[in-house]
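Form predicted alone, single chain, as structure tokens, below.
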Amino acid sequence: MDPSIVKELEAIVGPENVSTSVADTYVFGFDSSIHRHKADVVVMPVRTEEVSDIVKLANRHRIPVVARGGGTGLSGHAVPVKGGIVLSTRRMTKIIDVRVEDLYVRVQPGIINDDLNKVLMKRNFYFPPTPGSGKVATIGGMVANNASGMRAIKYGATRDYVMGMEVVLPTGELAHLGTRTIKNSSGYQLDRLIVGSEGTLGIITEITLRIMPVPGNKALVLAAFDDLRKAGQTISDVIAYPVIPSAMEFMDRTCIDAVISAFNVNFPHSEAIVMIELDGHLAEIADNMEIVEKIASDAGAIEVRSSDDPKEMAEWVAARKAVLPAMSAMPNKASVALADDMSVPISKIPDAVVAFHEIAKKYDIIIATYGHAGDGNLHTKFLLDVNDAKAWKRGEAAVGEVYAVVNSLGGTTSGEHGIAITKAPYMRKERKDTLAAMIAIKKALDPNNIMNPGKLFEWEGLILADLRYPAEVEEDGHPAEGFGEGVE
């Protein structure tokens, strides 16, 4: 990058908040996905005015700008594939205003989800979305990606709580979107457009979030099965009864064995586990626990456990959240995010889970399946030898078949992790009749294409590019010959 540009950035935020060091540009060149690409410069503003000046500078010189929160994205959202500026929000962590009487809180984008809830819970309120990375995920990143988590089935996703926001547009202009009112029917809902836009339409500098009272009582039912389809059927049977749990989680044998081995969790050795969380008044919870236990037993559960003990429930939930690190500890393989986040209609979960396992056998790979099954959101992690180019190739071919199944069941490419790079080819197929509209919106707001360029509908080619693993990949980030032929 031209040293004069770096000097201008230093004048905006101070030299101590600008870095071109090899260490920083390397670290800020990857997130929690399989991808990596070196940034040219890392900038850490603290005020909206600084963000605006940075974007104006970038727009003037046609420099890419990639916003970065906690770096927890699993599809490559914060990877600067075109180089340029990584704009970190790590210093923008203020809770500006808490208004429980108006049911909202105003925050800067760098505040971490769990840190925000620690403050809100002192007032007996909270922000309901619960991503698995809540200890490090920032609110700005959650908004940009429409994150959700295990309780979306009852409490919704981030988009359901965004009332308004302040956004620096790609030209550097400041826009105030939405309101601080519960109801809003005044013009286009442009704040909803920014939610889930993955940093391609602007930089979020302030968010107004609706907050909710903390639920008073909870209980958990844990059901183990000797058959994947029985477990999947239990999920749809509970919803159809109807009982709407606050969460419903699914784990297959690979996930169960991994957490038992890594953390000595007292889970039944089985083909699948379904955990159903219930909240509300004590009498309602007791009634629903009885219903859920019977549904699981009738579906063929080999063991059913129930608990309202906070310590035991916390252990069960922690074990479910530990799936990813547990699988990463498995010998000779790494857990990689390929086809890791899809949603299907709830009634189609049994078909999806069985199909994923059949695909894994076909390609001689391990596909671990788990997720927030109560809302149809499944996660798959591929366990591969990351040094083996042939294993990557088989994995990529399997990804194409996984998403073909998802689409055939009426599902969608991503439930909560977003598109960015890893799922871009499959989203393009799924949304082919709306790509032109998305491209038109992007061009209208970002005519110089500086905001997180190369992502979503702009990503072309293979998903196994810019890998951060030591596989057989050429220096320019493109796969070696014959590597990654699974995408049409």
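Note that residue numbering begins at 1 and tracks the sequence as displayed. These figures come from a predicted structure and were not determined experimentally.
Omitted from view is the form predicted in complex with another copy of the chain, to which the following refers.
A240 is the sole member of A314, A240, I95, A329 with a non-hydrogen atom within 4.5 Å of another copy of the chain in the model of the complex. Proximity to another copy of the chain in the model of the complex, defined as a heavy atom within 4.5 Å, holds among T234, S414, S88, N113 only for S414. Looking at 389 to 397, 270 to 278, 306 to 314, 120 to 128, the stretch with residues near another copy of the chain in the model of the complex, meaning non-hydrogen atoms within 4.5 angstroms, turns out to be 120 to 128. Within 4.5 Å of another copy of the chain in the model of the complex, a heavy atom is found for none of V27, I203 and V405. Within 4.5 Å of some heavy atom of another copy of the chain in the model of the complex lies at least one heavy atom of R99. When contacts are judged by a 4.5 Å heavy atom cut-off, H176 counts as touching another copy of the chain in the model of the complex. In the model of the complex, another copy of the chain sits beyond 4.5 Å of every heavy atom of S335.
Contact annotation for R36: none of its heavy atoms lies within 4.5 Å of another copy of the chain in the model of the complex. Contacts between 427 to 445 and another copy of the chain, taken as any heavy atom within 4.5 Å in the model of the complex, involve M427, E430, R431, D433, T434, A437, M438, A440, I441, K442, A444, L445.
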